[in-house]
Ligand code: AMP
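The chain that follows stands alone, in the form predicted alone, written as structure tokens.
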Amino acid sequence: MSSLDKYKIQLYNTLSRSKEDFIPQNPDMVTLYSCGQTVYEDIHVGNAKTYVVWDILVRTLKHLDYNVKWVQNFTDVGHLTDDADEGEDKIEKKARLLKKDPMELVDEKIYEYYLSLDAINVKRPDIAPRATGHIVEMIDLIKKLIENKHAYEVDGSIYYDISTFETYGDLAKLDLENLKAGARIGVNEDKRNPGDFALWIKAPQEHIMKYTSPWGKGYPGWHVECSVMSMKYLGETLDIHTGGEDHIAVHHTNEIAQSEGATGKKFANIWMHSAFITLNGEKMSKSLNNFITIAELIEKYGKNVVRFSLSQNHYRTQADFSYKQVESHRKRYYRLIKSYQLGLQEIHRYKDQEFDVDVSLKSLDLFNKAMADDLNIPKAFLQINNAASKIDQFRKNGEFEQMHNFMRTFEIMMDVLGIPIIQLTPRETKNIDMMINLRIQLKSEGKYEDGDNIRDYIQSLGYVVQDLSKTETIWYKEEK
């Protein structure tokens, strides 16, 4: 029986505010679109947490035998400073402050984005399109919306008339009677309704990032890009659309209206949204200058610990960031790694002994059920912790075949969560064991200073040495 038959996946759909059975349109391929980064600042911890969540979603689907086609965009034009229809392009504004060309800034930030996310083991999507590469498709979609009487022109700008879309605001449960231009800005008198949003914006003379259109020189509204890129690469109806919870009220609400207004088809079957990480009780945000970059956190704790820390909470649970919490996660990570590595050392020491390597079917089954239940990571971690405890238990009892089975189970579960395991080679085990044994001998002869020098040398190589008694010492390796 395959995983598809065995595990019924349920995902929380923001549109229905409930968990629903996940049934892809095509059993051979799940279509997934994630809203990506607006590339004008370094990626911060809040951004990274969201991308880790969708990485875990993809890993889980693949682990449970689904094929996935995953598209995640880069926004490199049209995202204005107030997230709606007024203000300055965020990229153009930042580039001007840095005295750079906007596309030079974009290329730098995409490069740095991948450096950070590659470091914390976030897989790259199958397709990572940029908004500026799809201007023609955006214009075509806007033409279709005008043709379908959903959009209108005002002096070179095109607005979506939300009164023409009966279910507008259902995703966010918006009160349209009191809606004021996306709930973020004052009413624009050019609009028929306060909540109408821009599909195309007439560019002032000084605006750098502008393009030729049937309505004159301008640039696309922020929302239209995701409709265009998702439908181009994944089709008119998506299995899953993901993003941060801040996308619900404006960005995703508008995506639905413009996509379904153009095609007449349901845009996405499941909408998933990741909760914020807060800093000092406020949303971690570049616009509020209230953030810690992921590069800073990696420098302080190492990439593996950062990945472990960002993989802890359920994706719909809001968490407040603190260094104290990350330090606690660091200790938990290395407790797990120590258990695994101590088991690995025993395998290296008794390498002539053959094992029929299997997995703990019960532990893996409980883990799979937790992940199939709307990515219930806290519940899944119970099985990871249990596997580490079992490794310790069977190692101490000399039951190495059972220990090996739980090590394999541990490896599978950590891989589904994308958390790297620090491995050891047989040569490492042999070399460190030799030094540890020499140290124990020197101490037994009263040569404590020589023993301390060996311990200090081993630890300088990135290993932790712990004395359990005068004659028993354990060691494990940390990330450099």
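Start at 1 and count along the sequence shown; that's the residue number. A quick note: this is a predicted structure, and the numbers were derived from the prediction, not measured.
If you look for the form predicted together with adenosine monophosphate (AMP), you will not find it shown, but the lines that follow are about it.
Residue contact with adenosine monophosphate (AMP) in the predicted complex: residue 223 places no heavy atom within 4.5 Å of it. Contact check for residue 101: every heavy atom lies farther than 4.5 Å from adenosine monophosphate (AMP) in the predicted complex. Taking non-hydrogen atoms only, residue 217 never approaches adenosine monophosphate (AMP) to within 4.5 angstroms in the predicted complex. Although the partner is absent from this view, residue 326 stays clear of adenosine monophosphate (AMP) in the predicted complex, with no non-hydrogen atom inside 4.5 angstroms. The listed set 349, 266, 283, 93 contains one residue whose heavy atoms approach adenosine monophosphate (AMP) in the predicted complex to within 4.5 Å, identified as 283. Proximity to adenosine monophosphate (AMP) in the predicted complex, defined as a heavy atom within 4.5 Å, singles out one entry of 372, 238, 277, 377, which is 277. Look at 425 to 433, 33 to 41, 60 to 68, 444 to 452: in the predicted complex, residues with non-hydrogen atoms within 4.5 angstroms of adenosine monophosphate (AMP) sit in 33 to 41. For the partner-free chain shown, 44, 46, 47, 50, 51 of 40 to 54 come within 4.5 angstroms of adenosine monophosphate (AMP) in the predicted complex, judged by any non-hydrogen atom.
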